[in-house]
Ligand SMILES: C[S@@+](CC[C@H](N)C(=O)[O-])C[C@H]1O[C@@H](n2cnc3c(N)ncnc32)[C@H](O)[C@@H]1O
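Shown next as structure tokens: one chain only, the form predicted alone.
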Amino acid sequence: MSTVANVRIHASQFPAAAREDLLRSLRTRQVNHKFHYDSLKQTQKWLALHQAYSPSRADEDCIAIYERSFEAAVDGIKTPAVHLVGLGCGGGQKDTRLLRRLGERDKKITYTPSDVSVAMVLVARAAALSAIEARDCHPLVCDLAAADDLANFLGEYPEPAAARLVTFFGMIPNFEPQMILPRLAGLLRAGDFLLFSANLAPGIDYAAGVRQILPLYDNRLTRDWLMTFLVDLGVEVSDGELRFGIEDDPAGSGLKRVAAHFHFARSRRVEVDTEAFEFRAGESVRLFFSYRHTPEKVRALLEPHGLSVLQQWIAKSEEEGVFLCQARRR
């Protein structure tokens, strides 16, 4: 195995851009989610959290719906070559299972694991090398929310006739719908496939379903992971309290989301380079949010952006769903 990995880093994650995003997060008191994956320490904490609480790792039925979705996606690809793009690849476990299925069909595979964290794309790359050759893996560090030229970048690969399959697992809940859906649709050519998962609210009463899953977020591993951002800036855990609650989508989409805010009980001064931020007692910082959907809401969100849901698989718990979509001709 090679001891060197070639990783491309998009300008959206260059130091100057990341610094400006950090300052904006502190000014607005709304933390950009990418800063929870910024360091090796945070990546390790997220992977431990995912291992402990993700249904796709522990729930046999949830694992099964992913496997069925992988089979359907592979069945839909008729070309001999395929470019798998893992947006928000995380540790790459799901993408690697999908790569193995593509390999079983003797597809010529190119894989682009993409995330905001260098550590995360290297973890995904390491997982993928159990299924493909290193020369066919092209890791990309990028901020999807800021990289408006990503479609051009993906078009640079040398197999123009290859089918494109984009995965977006566990990511859509952590973006504002009005921002991420046009960006996602803009990456897809007519006929491209999109395979993504969404956290769902169980039951027929949407609001009650969101209340039901709220305790899943309030646990030691999640708190430790989220607080790492503030602690690394110099905030003490004892400076306040991290609280989880439910709020409506500010854009008025009708969606609800779980949000985590750190409420300061005493003042704290934070310095980033030459800029200082004063957090006073009674102020709060939003560290995290996660939208909850229903299958019907997913379809309603995707249709206006030219994305048709071909098939869907819903876990028996009704708390997670996987959707196979295809981009329509515009």
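This structure is a prediction, so every number in the text was calculated from the model and none was measured. For every residue, the number given is its place in the sequence shown, counted from 1.
There is another form of the same protein, the form predicted in complex with the named molecule; it is not shown, and what comes next is about it.
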### Task
Name the stretch: of 249-257, 171-179, 74-82, 200-208, exactly one has residues whose heavy atoms fall within 4.5 Å of the named molecule in the predicted complex.
171-179
### Message
Under a 4.5 angstroms heavy atom criterion, identify the one residue in Phe70, Phe279, Trp46, Phe262 near the named molecule in the predicted complex.
### Response
Trp46
### Query
Which residue, Thr222, Thr110, Ser117, Thr96, has a heavy atom that falls within 4.5 Å of the named molecule in the predicted complex?
Ser117
### Task
Flag His305 as yes or no: does it have a non-hydrogen atom within 4.5 angstroms of any non-hydrogen atom of the named molecule in the predicted complex?
no
### Query
Applying a 4.5 Å heavy atom distance criterion, does Ala124 contact the named molecule in the predicted complex?
no
### Message
Given that the named molecule is not shown alongside this chain, does Leu144 nevertheless sit within 4.5 Å of it in the predicted complex, heavy atom to heavy atom?
### Response
yes
### Query
Is the gap between Leu195 and the named molecule in the predicted complex 4.5 Å or less for some heavy atom pair?
no
#### Entry: Residues of 81-100 having any heavy atom within 4.5 Å of the named molecule in the predicted complex, listed in sequence order
Gly88, Cys89, Gly90, Gln93, Lys94
